[in-house]
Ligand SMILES: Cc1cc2nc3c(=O)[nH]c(=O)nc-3n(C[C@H](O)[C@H](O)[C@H](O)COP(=O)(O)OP(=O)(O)OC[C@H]3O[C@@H](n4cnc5c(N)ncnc54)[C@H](O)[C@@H]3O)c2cc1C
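Next up is one chain by itself, shown in C-alpha coordinates, the form predicted alone.
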(Lines give C-alpha, C1' and ligand atoms only; values in the text may rest on other atoms or scores of the structure.)
Protein backbone atom coordinates (compact mmCIF):
# COMPACT_ATOMS: atom_id res chain seq x y z
CA UNK A 1 0.00 0.00 0.00
CA UNK A 2 1.33 3.44 -0.93
CA UNK A 3 2.03 5.82 1.91
CA UNK A 4 0.47 9.24 2.36
CA UNK A 5 3.83 10.78 1.40
CA UNK A 6 4.11 8.79 -1.81
CA UNK A 7 0.58 9.68 -2.85
CA UNK A 8 1.18 13.32 -1.98
CA UNK A 9 4.53 13.86 -3.72
CA UNK A 10 5.20 11.22 -6.38
CA UNK A 11 2.06 10.72 -8.47
CA UNK A 12 1.06 14.05 -10.06
CA UNK A 13 2.94 15.70 -12.94
CA UNK A 14 2.42 18.03 -15.85
CA UNK A 15 3.88 15.50 -18.27
CA UNK A 16 4.59 11.77 -18.02
CA UNK A 17 6.81 10.16 -20.66
CA UNK A 18 6.98 6.38 -21.01
CA UNK A 19 10.41 5.15 -22.11
CA UNK A 20 13.84 6.46 -21.09
CA UNK A 21 15.66 5.68 -24.33
CA UNK A 22 17.17 8.39 -26.46
CA UNK A 23 13.75 9.39 -27.81
CA UNK A 24 12.06 9.59 -24.41
CA UNK A 25 14.92 11.53 -22.81
CA UNK A 26 15.32 13.84 -25.82
CA UNK A 27 11.60 14.59 -25.65
CA UNK A 28 11.76 15.27 -21.90
CA UNK A 29 14.76 17.59 -22.35
CA UNK A 30 13.19 19.41 -25.30
CA UNK A 31 10.03 20.11 -23.31
CA UNK A 32 11.94 21.18 -20.21
CA UNK A 33 14.19 23.50 -22.23
CA UNK A 34 11.16 25.22 -23.76
CA UNK A 35 8.89 25.08 -20.71
CA UNK A 36 11.16 25.12 -17.62
CA UNK A 37 8.27 25.14 -15.15
CA UNK A 38 6.78 21.90 -16.42
CA UNK A 39 7.06 19.03 -13.93
CA UNK A 40 8.16 16.01 -15.99
CA UNK A 41 8.39 12.33 -15.08
CA UNK A 42 10.00 9.63 -17.24
CA UNK A 43 9.01 6.02 -16.57
CA UNK A 44 11.31 3.16 -17.62
CA UNK A 45 10.55 -0.51 -17.12
CA UNK A 46 14.21 -1.62 -17.11
CA UNK A 47 17.30 -0.83 -15.09
CA UNK A 48 18.67 0.69 -18.31
CA UNK A 49 16.69 1.76 -21.40
CA UNK A 50 15.12 -1.43 -22.69
CA UNK A 51 15.23 -1.31 -26.49
CA UNK A 52 18.29 -0.29 -28.47
CA UNK A 53 19.41 3.07 -27.07
CA UNK A 54 22.20 1.57 -24.96
CA UNK A 55 22.66 -1.45 -27.23
CA UNK A 56 23.35 0.01 -30.67
CA UNK A 57 26.76 0.17 -32.37
CA UNK A 58 27.21 3.96 -31.96
CA UNK A 59 26.67 5.22 -35.52
CA UNK A 60 25.93 8.89 -36.15
CA UNK A 61 24.73 8.36 -39.71
CA UNK A 62 22.05 9.54 -42.14
CA UNK A 63 21.90 6.55 -44.52
CA UNK A 64 24.28 4.85 -46.93
CA UNK A 65 24.13 5.18 -50.71
CA UNK A 66 22.39 1.84 -51.28
CA UNK A 67 20.04 2.40 -48.34
CA UNK A 68 18.95 5.77 -49.74
CA UNK A 69 18.43 4.20 -53.18
CA UNK A 70 16.32 1.46 -51.57
CA UNK A 71 14.29 4.12 -49.73
CA UNK A 72 13.71 6.01 -52.98
CA UNK A 73 12.43 2.81 -54.57
CA UNK A 74 10.16 2.15 -51.56
CA UNK A 75 8.65 5.57 -50.94
CA UNK A 76 9.73 7.93 -53.71
CA UNK A 77 12.37 10.65 -53.99
CA UNK A 78 10.57 13.28 -51.93
CA UNK A 79 9.90 11.12 -48.86
CA UNK A 80 13.34 9.51 -48.99
CA UNK A 81 15.17 12.84 -49.13
CA UNK A 82 12.96 14.37 -46.44
CA UNK A 83 13.89 11.43 -44.22
CA UNK A 84 17.61 12.05 -44.80
CA UNK A 85 17.06 15.71 -43.94
CA UNK A 86 15.28 14.79 -40.68
CA UNK A 87 18.15 12.48 -39.73
CA UNK A 88 20.74 15.17 -40.47
CA UNK A 89 18.79 17.79 -38.51
CA UNK A 90 18.46 15.33 -35.62
CA UNK A 91 22.20 14.60 -35.61
CA UNK A 92 22.97 18.30 -35.34
CA UNK A 93 20.36 18.86 -32.64
CA UNK A 94 21.93 16.05 -30.60
CA UNK A 95 25.35 17.67 -30.98
CA UNK A 96 23.90 20.97 -29.78
CA UNK A 97 22.45 19.32 -26.67
CA UNK A 98 25.45 17.14 -25.78
CA UNK A 99 29.04 18.28 -26.09
CA UNK A 100 30.99 16.12 -28.56
CA UNK A 101 33.57 15.22 -25.92
CA UNK A 102 30.81 13.93 -23.65
CA UNK A 103 29.50 11.41 -26.16
CA UNK A 104 32.77 10.10 -27.57
CA UNK A 105 32.27 11.82 -30.92
CA UNK A 106 34.92 10.93 -33.52
CA UNK A 107 34.59 12.27 -37.04
CA UNK A 108 36.37 9.63 -39.11
CA UNK A 109 33.62 9.64 -41.74
CA UNK A 110 31.40 6.87 -43.01
CA UNK A 111 32.02 4.28 -45.73
CA UNK A 112 29.93 1.79 -47.66
CA UNK A 113 31.37 -1.45 -48.99
CA UNK A 114 29.95 -2.30 -52.42
CA UNK A 115 30.11 -5.84 -53.72
CA UNK A 116 29.42 -7.05 -57.25
CA UNK A 117 25.71 -7.53 -56.53
CA UNK A 118 25.29 -3.85 -55.60
CA UNK A 119 27.75 -2.53 -58.19
CA UNK A 120 25.13 -0.62 -60.18
CA UNK A 121 24.72 1.77 -57.22
CA UNK A 122 28.07 3.34 -58.13
CA UNK A 123 26.54 4.68 -61.32
CA UNK A 124 23.96 6.57 -59.24
CA UNK A 125 26.30 8.50 -56.94
CA UNK A 126 25.95 11.69 -58.96
CA UNK A 127 22.15 11.31 -59.01
CA UNK A 128 21.93 10.89 -55.21
CA UNK A 129 24.41 13.70 -54.60
CA UNK A 130 22.22 16.03 -56.66
CA UNK A 131 19.19 15.11 -54.54
CA UNK A 132 21.11 15.79 -51.32
CA UNK A 133 22.66 19.12 -52.40
CA UNK A 134 19.94 21.07 -50.59
CA UNK A 135 20.83 19.33 -47.31
CA UNK A 136 24.62 19.25 -47.34
CA UNK A 137 25.52 21.94 -49.88
CA UNK A 138 28.27 19.74 -51.32
CA UNK A 139 28.53 16.16 -52.51
CA UNK A 140 27.56 13.72 -49.77
CA UNK A 141 29.27 10.72 -51.39
CA UNK A 142 32.48 10.03 -53.30
CA UNK A 143 34.36 6.95 -54.45
CA UNK A 144 37.28 5.82 -52.30
CA UNK A 145 38.31 2.56 -53.98
CA UNK A 146 41.95 3.11 -53.09
CA UNK A 147 41.08 2.60 -49.41
CA UNK A 148 39.87 -0.99 -49.87
CA UNK A 149 43.37 -2.48 -49.73
CA UNK A 150 44.63 0.24 -47.39
CA UNK A 151 42.04 -0.82 -44.81
CA UNK A 152 42.86 -4.50 -45.29
CA UNK A 153 39.50 -5.54 -46.73
CA UNK A 154 39.17 -8.42 -49.19
CA UNK A 155 39.23 -6.78 -52.64
CA UNK A 156 37.89 -9.98 -54.25
CA UNK A 157 34.64 -9.48 -52.34
CA UNK A 158 34.56 -5.66 -52.16
CA UNK A 159 34.66 -4.07 -55.61
CA UNK A 160 34.08 -0.42 -54.63
CA UNK A 161 33.91 1.76 -51.55
CA UNK A 162 31.91 4.97 -51.09
CA UNK A 163 32.89 7.63 -48.56
CA UNK A 164 30.89 10.35 -46.81
CA UNK A 165 32.57 12.98 -44.62
CA UNK A 166 29.28 13.72 -42.82
CA UNK A 167 29.12 10.57 -40.71
CA UNK A 168 30.79 9.90 -37.37
CA UNK A 169 30.92 7.48 -34.46
CA UNK A 170 29.99 7.96 -30.83
CA UNK A 171 30.31 6.04 -27.58
CA UNK A 172 26.72 4.91 -27.06
CA UNK A 173 27.08 4.29 -23.33
CA UNK A 174 28.76 7.64 -22.67
CA UNK A 175 26.18 9.48 -24.78
CA UNK A 176 23.22 7.96 -22.95
CA UNK A 177 24.81 8.42 -19.52
CA UNK A 178 25.43 12.09 -20.35
CA UNK A 179 21.85 12.52 -21.59
CA UNK A 180 20.49 10.99 -18.38
CA UNK A 181 22.67 13.34 -16.29
CA UNK A 182 21.55 16.32 -18.36
CA UNK A 183 17.87 15.41 -17.94
CA UNK A 184 18.36 15.12 -14.18
CA UNK A 185 20.22 18.45 -14.14
CA UNK A 186 17.16 20.04 -15.78
CA UNK A 187 15.01 18.66 -12.96
CA UNK A 188 13.41 15.77 -14.87
CA UNK A 189 12.56 12.82 -12.64
CA UNK A 190 13.29 9.31 -13.93
CA UNK A 191 11.81 6.20 -12.28
CA UNK A 192 13.21 2.83 -13.35
CA UNK A 193 11.57 -0.54 -12.83
CA UNK A 194 8.16 0.93 -13.70
CA UNK A 195 6.43 -1.23 -16.30
CA UNK A 196 3.35 0.47 -17.70
CA UNK A 197 0.29 -1.78 -17.94
CA UNK A 198 -2.37 0.57 -19.29
CA UNK A 199 -3.44 4.14 -19.99
CA UNK A 200 -6.60 6.02 -19.17
CA UNK A 201 -7.41 9.66 -19.78
CA UNK A 202 -4.51 11.61 -18.23
CA UNK A 203 -3.41 8.50 -16.31
CA UNK A 204 -0.56 6.01 -16.59
CA UNK A 205 -1.09 2.74 -14.75
CA UNK A 206 1.96 0.88 -13.44
CA UNK A 207 1.99 -2.45 -11.61
CA UNK A 208 3.93 -2.08 -8.35
CA UNK A 209 6.90 -4.45 -8.34
CA UNK A 210 6.59 -5.51 -4.71
CA UNK A 211 3.00 -4.74 -3.73
CA UNK A 212 -0.18 -6.23 -5.11
CA UNK A 213 -1.60 -2.97 -6.34
CA UNK A 214 -1.50 -0.54 -9.23
CA UNK A 215 0.26 2.79 -9.08
CA UNK A 216 -1.57 5.49 -11.03
CA UNK A 217 0.45 8.47 -12.22
CA UNK A 218 -1.57 11.49 -13.31
CA UNK A 219 -0.53 14.09 -15.87
CA UNK A 220 -1.94 16.75 -18.14
CA UNK A 221 -0.04 15.16 -21.04
CA UNK A 222 1.12 11.56 -21.53
CA UNK A 223 3.71 10.70 -24.17
CA UNK A 224 4.73 7.17 -25.18
CA UNK A 225 8.26 6.79 -26.56
CA UNK A 226 8.37 3.00 -26.54
CA UNK A 227 9.45 2.41 -30.16
CA UNK A 228 9.86 -1.37 -30.66
CA UNK A 229 7.49 -2.16 -27.77
CA UNK A 230 4.69 0.19 -28.86
CA UNK A 231 2.28 -2.61 -29.80
CA UNK A 232 2.37 -4.02 -26.27
CA UNK A 233 0.58 -0.85 -25.19
CA UNK A 234 -1.18 0.08 -28.44
CA UNK A 235 -2.00 -3.12 -30.38
CA UNK A 236 -3.62 -1.15 -33.20
CA UNK A 237 -0.33 0.53 -34.18
CA UNK A 238 1.71 -1.23 -36.83
CA UNK A 239 5.21 -1.18 -35.37
CA UNK A 240 7.23 -4.35 -35.84
CA UNK A 241 10.14 -5.19 -33.53
CA UNK A 242 13.43 -5.96 -35.22
CA UNK A 243 16.25 -7.54 -33.26
CA UNK A 244 19.86 -6.63 -33.99
CA UNK A 245 22.75 -9.01 -33.28
CA UNK A 246 26.09 -7.40 -32.35
CA UNK A 247 29.54 -8.81 -31.66
CA UNK A 248 32.73 -7.08 -30.51
CA UNK A 249 36.25 -8.49 -30.77
CA UNK A 250 39.25 -8.03 -28.53
CA UNK A 251 41.73 -5.28 -29.52
CA UNK A 252 43.91 -5.98 -32.55
CA UNK A 253 47.32 -4.32 -32.63
CA UNK A 254 47.58 -2.17 -35.73
CA UNK A 255 43.95 -2.29 -36.84
CA UNK A 256 44.02 -0.70 -40.30
CA UNK A 257 40.74 1.21 -40.44
CA UNK A 258 38.85 3.89 -38.54
CA UNK A 259 35.30 5.04 -39.16
CA UNK A 260 31.83 3.61 -39.51
CA UNK A 261 31.05 1.17 -42.31
CA UNK A 262 27.85 0.03 -44.00
CA UNK A 263 27.19 -2.96 -46.22
CA UNK A 264 24.15 -4.36 -48.07
CA UNK A 265 21.72 -1.41 -47.76
CA UNK A 266 22.76 -0.86 -44.16
CA UNK A 267 21.68 -4.32 -43.00
CA UNK A 268 25.29 -4.88 -41.93
CA UNK A 269 27.36 -2.31 -40.09
CA UNK A 270 30.74 -2.25 -38.41
CA UNK A 271 33.16 0.23 -36.91
CA UNK A 272 36.36 0.50 -34.95
CA UNK A 273 36.23 1.21 -31.24
CA UNK A 274 39.87 2.00 -30.61
CA UNK A 275 41.52 -1.18 -31.89
CA UNK A 276 38.40 -3.30 -31.45
CA UNK A 277 35.84 -4.02 -34.18
CA UNK A 278 32.13 -3.81 -33.38
CA UNK A 279 30.08 -5.63 -36.01
CA UNK A 280 26.32 -6.07 -36.19
CA UNK A 281 23.38 -6.73 -38.46
CA UNK A 282 22.23 -9.58 -40.64
CA UNK A 283 18.54 -9.12 -39.79
CA UNK A 284 17.73 -9.53 -43.50
CA UNK A 285 18.83 -13.18 -43.31
CA UNK A 286 15.84 -14.00 -41.09
CA UNK A 287 13.31 -11.16 -41.03
CA UNK A 288 10.54 -13.23 -39.41
CA UNK A 289 12.84 -14.78 -36.83
CA UNK A 290 14.15 -11.35 -35.82
CA UNK A 291 10.66 -9.84 -35.47
CA UNK A 292 10.78 -10.51 -31.76
CA UNK A 293 10.98 -8.76 -28.40
CA UNK A 294 13.18 -11.52 -26.99
CA UNK A 295 16.78 -10.62 -26.21
CA UNK A 296 18.39 -13.80 -27.51
CA UNK A 297 20.99 -14.81 -30.07
CA UNK A 298 20.24 -16.09 -33.57
CA UNK A 299 23.13 -18.48 -34.14
CA UNK A 300 22.79 -18.50 -37.93
CA UNK A 301 23.20 -14.72 -38.00
CA UNK A 302 26.11 -14.81 -35.54
CA UNK A 303 27.78 -17.41 -37.77
CA UNK A 304 27.24 -15.14 -40.77
CA UNK A 305 28.79 -12.15 -38.96
CA UNK A 306 31.81 -14.26 -38.04
CA UNK A 307 32.11 -15.49 -41.63
CA UNK A 308 32.06 -11.94 -43.00
CA UNK A 309 34.60 -10.82 -40.40
CA UNK A 310 36.99 -13.57 -41.49
CA UNK A 311 36.45 -13.43 -45.24
CA UNK A 312 35.73 -9.76 -45.95
CA UNK A 313 36.69 -7.39 -43.12
CA UNK A 314 39.68 -9.02 -41.39
CA UNK A 315 40.99 -11.59 -43.89
CA UNK A 316 44.07 -13.41 -42.63
CA UNK A 317 43.85 -11.73 -39.20
CA UNK A 318 43.68 -13.59 -35.92
CA UNK A 319 41.02 -12.27 -33.56
CA UNK A 320 38.89 -13.30 -30.60
CA UNK A 321 35.28 -12.42 -29.90
CA UNK A 322 35.10 -10.55 -26.60
CA UNK A 323 31.38 -9.91 -26.20
CA UNK A 324 27.98 -10.28 -27.88
CA UNK A 325 24.59 -8.68 -27.29
CA UNK A 326 21.26 -7.90 -28.93
CA UNK A 327 19.05 -4.82 -29.13
CA UNK A 328 15.43 -4.42 -30.21
CA UNK A 329 14.53 -1.74 -32.78
CA UNK A 330 11.09 -0.75 -34.10
CA UNK A 331 10.06 -0.62 -37.76
CA UNK A 332 7.11 0.72 -39.70
CA UNK A 333 6.06 -0.54 -43.14
CA UNK A 334 7.13 2.63 -44.97
CA UNK A 335 10.20 3.25 -42.72
CA UNK A 336 8.87 6.72 -41.89
CA UNK A 337 8.66 8.02 -38.29
CA UNK A 338 5.24 9.16 -37.15
CA UNK A 339 3.49 10.79 -34.20
CA UNK A 340 -0.09 9.79 -33.39
CA UNK A 341 -2.62 10.74 -30.73
CA UNK A 342 -4.45 7.69 -29.42
CA UNK A 343 -8.12 7.39 -28.42
CA UNK A 344 -7.15 7.97 -24.78
CA UNK A 345 -5.16 11.12 -25.69
CA UNK A 346 -1.69 9.61 -25.41
CA UNK A 347 0.87 11.09 -27.80
CA UNK A 348 2.70 8.10 -29.28
CA UNK A 349 5.93 8.55 -31.24
CA UNK A 350 6.58 5.77 -33.78
CA UNK A 351 9.09 4.74 -35.05
CA UNK A 352 12.83 5.34 -35.58
CA UNK A 353 13.40 2.36 -37.90
CA UNK A 354 16.92 1.67 -36.69
CA UNK A 355 17.93 5.35 -36.80
CA UNK A 356 17.12 6.41 -33.25
CA UNK A 357 20.37 8.28 -32.62
CA UNK A 358 19.88 10.38 -35.75
CA UNK A 359 16.11 10.93 -35.55
CA UNK A 360 15.26 11.24 -31.85
CA UNK A 361 16.20 14.88 -31.31
CA UNK A 362 14.25 15.90 -34.41
CA UNK A 363 11.18 13.86 -33.44
CA UNK A 364 11.35 15.37 -29.94
CA UNK A 365 10.87 18.84 -31.44
CA UNK A 366 7.88 17.57 -33.42
CA UNK A 367 6.34 16.08 -30.27
CA UNK A 368 6.60 19.42 -28.46
CA UNK A 369 4.51 20.98 -31.23
CA UNK A 370 1.70 18.62 -30.22
CA UNK A 371 1.64 19.90 -26.65
CA UNK A 372 2.31 23.59 -27.28
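Numbering follows the first chain given and starts at 1. Predicted, not measured: the structure shown is a model, and the values here were computed from it.
The form predicted in complex with the ligand is left out here; the points below concern that form.
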### Query
Does the ligand get within 4.5 angstroms of any non-hydrogen atom of residue 225 in the predicted complex?
yes
### Query
According to a 4.5 angstroms non-hydrogen atom cut-off, is residue 229 in contact with the ligand in the predicted complex?
yes
### Message
Even though the partner isn't displayed, in the predicted complex is residue 246 close enough to the ligand, meaning a heavy atom within 4.5 Å?
### Response
yes
### Task
Although the ligand is absent from this view, report whether residue 63 comes within 4.5 Å of it in the predicted complex, heavy atoms only.
no
### Query
Tell me which of 46-54, 66-74, 304-312, 337-345 has residues with heavy atoms within 4.5 angstroms of the ligand in the predicted complex?
46-54
### Message
Please identify the residue among 147, 286, 195, 85 with any heavy atom within 4.5 Å of the ligand in the predicted complex.
### Response
195
### Message
If you apply a 4.5 angstroms heavy atom cut-off, which residues in 265-280 are near the ligand in the predicted complex?
### Response
269
